[in-house]
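Before any questions on binding or motion, here is one chain by itself as structure tokens, the form predicted on its own.
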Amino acid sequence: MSDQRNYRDCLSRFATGVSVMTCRPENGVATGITVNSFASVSLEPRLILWSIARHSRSTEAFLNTDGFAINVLARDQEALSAHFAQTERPEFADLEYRTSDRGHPLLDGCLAWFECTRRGLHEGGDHHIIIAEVDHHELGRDASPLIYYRSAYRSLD
């Protein structure tokens, strides 16, 4: 087994939640990407972080806007996660979502939503690390979360 594969296998032993970051950059075209790197940084001020690969299909969209939304997925939203994990930029046309007062796409049926303003951008190897302040947060439905563990979707149930 290669050292790279072993490293990835070790990382996969850390269970994470799954979320979809969404934004509507200056060109007005909604975009989204599935991530499991979302984490809380600070309660006061309310700061979060997440990372995006430098060569991701959505990198430019997220680097060219100061605001975005985090959509925390429920266990029954695995298909939505797969949709936004596609190699090609996924479309919003057939998805159920609403546009927030701040202009961010909010996916229907999520466990929670966070609307954020970027406060920092840092280089982190082959990724950009985005630090943002939470401007608005909202609870969604009460359901089991979508979990990613050992390179597969899992459930707490």
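Residue numbers here begin at 1 and follow the sequence given. None of these values were measured; they are calculated from a predicted model.
The same protein also exists as the form predicted in complex with a small molecule; that form is not shown, yet it is the one meant from here on.
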Q.
Taking a heavy atom within 4.5 Å as contact, would all three of C23, F62 and I131 count as contacting the small molecule in the model of the complex?
A. no
(Q) Please tell me which of L47, A112, A53, L95 lies within 4.5 Å of the small molecule in the model of the complex, judged by heavy atoms. (A) A53
Q) Looking in the model of the complex, any heavy atom of V35 within 4.5 Å of the small molecule? A) yes
Q: Mark R102 yes when one of its heavy atoms lies within 4.5 Å of a heavy atom of the small molecule in the model of the complex, and no otherwise.
A: no
**Q.** Close approach of R118 to the small molecule in the model of the complex, 4.5 Å, heavy atom
**A.** no
Q: Given that the partner is absent here, state which listed stretch (102 to 110, 26 to 34, 63 to 71, 39 to 47) has heavy atoms within 4.5 Å of the small molecule in the model of the complex.
A: 26 to 34
